[in-house]
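Shown next as structure tokens: one chain only, the form predicted alone.
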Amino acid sequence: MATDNRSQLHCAPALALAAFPTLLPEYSAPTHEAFAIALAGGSTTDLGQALSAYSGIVSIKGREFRLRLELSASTRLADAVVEGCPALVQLLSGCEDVVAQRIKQSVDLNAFSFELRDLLERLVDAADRPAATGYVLQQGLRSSEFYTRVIEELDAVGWHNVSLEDDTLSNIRFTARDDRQREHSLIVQPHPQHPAVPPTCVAALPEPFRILRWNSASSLSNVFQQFQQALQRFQQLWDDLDEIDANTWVLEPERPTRDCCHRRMALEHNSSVQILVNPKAVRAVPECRFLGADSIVNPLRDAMNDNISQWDETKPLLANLGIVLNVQFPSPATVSREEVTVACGICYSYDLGDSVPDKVCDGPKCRQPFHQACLIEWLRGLPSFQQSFNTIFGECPNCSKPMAIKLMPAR
């Protein structure tokens, strides 16, 4: 086979990747077999010791690629030239530096064959994605040194605190418990250039978790320690919110997570109060929003204004809310959920996507709740429908009492 019609792609000083015709130069059978065994993930003992060139076929997810590796006079693997069929060259386009890095880091041809298979599998998997090669280069390629170091760092963290989300160590879950034995998770995504580049971290905390003081000597055990320290900052917040969850009917969120700082608690007569707690000032007066019929919520607003001076930041949130609002919150111990989750009077359901019935008729004999979306659609269909700026006027679908609804963005 002539070699002068090959187009060389120089991907590194020690490596060239070139396209060559489908037919390969003839080598002795042991060469083909030995290299094919290595590409298939098998074991060979004398590979790279006596021969100066190797060729074979690697099969990845039903696709076959021809490959040839030729050692230089020095017989050093790092100085080898790799050639491939046109399909292989196209697949590896843009990854030449990665191939060069892999071959330099490989201790022998067996190791390089394993690294090459790993790379090709990732590229084939990503072939249907937009900018697939760039995605794989950014997300998937990690050296053997990366794996060795990450495993050692996870040993230091303790495997009872670790669970692996995949087999590439690209998503690692740390689990820690706070002083109340509440379990918290941190997803850590080590960068392929770890530890030169800090990992990405995601946790359900009231404030974003950020790694402090990261340098090339830092490790994942430092991340775990900082996560444990971060948990300590929110103990009082979680204590107070857990007390609310256990002793009141929380309408929203239905299943609060540890990063959630708001609660909507049921009150009497289809009314409720929604609070938003500042995680940096847990015992301070929270933002409050009252939902329900005006005849019910207006007295609550008045009570809060009159009693706000009684707010005591040494007391838990629930105790303070009961004092300043002068109410006893309905409790799961005394009131069933059906009594505090009255369905919408139009669609006859409680949950409507992310919303619950929060518009209530002010009629003392009615007080029927409605979803805002349902009520607005109903009122707009009435012959008596009127709108002034952002307020809609109409009649209650249940009792025909006049109603005025302010148009508010959906929460």
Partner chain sequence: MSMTVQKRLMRELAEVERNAAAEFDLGSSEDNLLVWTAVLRPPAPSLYQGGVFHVSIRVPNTYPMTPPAVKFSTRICHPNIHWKSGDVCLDILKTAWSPAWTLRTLCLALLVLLDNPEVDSPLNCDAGNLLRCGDKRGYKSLVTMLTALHATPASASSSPN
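Residue numbers count along the first chain shown, from 1. What you see is a predicted model, and the numbers here were worked out from it, not measured in a lab. Rigid core: the largest C-alpha set superposing within 1.5 Å between the two forms.
Below: the form predicted together with its partner chain, not depicted.
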Complete contact of Q386, G394 and I405 with its partner chain in the model of the complex (any heavy atom, 4.5 Å): no
Taking heavy atoms and a 4.5 Å cut-off, does C374 contact its partner chain in the model of the complex? yes
Might W378 be said to contact its partner chain in the model of the complex, defining contact as any heavy atom within 4.5 Å? yes
Applying a 4.5 Å heavy atom distance criterion, does I346 contact its partner chain in the model of the complex? yes
State yes or no: in the model of the complex, is some non-hydrogen atom of D351 no more than 4.5 angstroms from a non-hydrogen atom of its partner chain? yes
Flag for C374, CA shift 2 Å or larger between this form and the one not shown after aligning core: yes
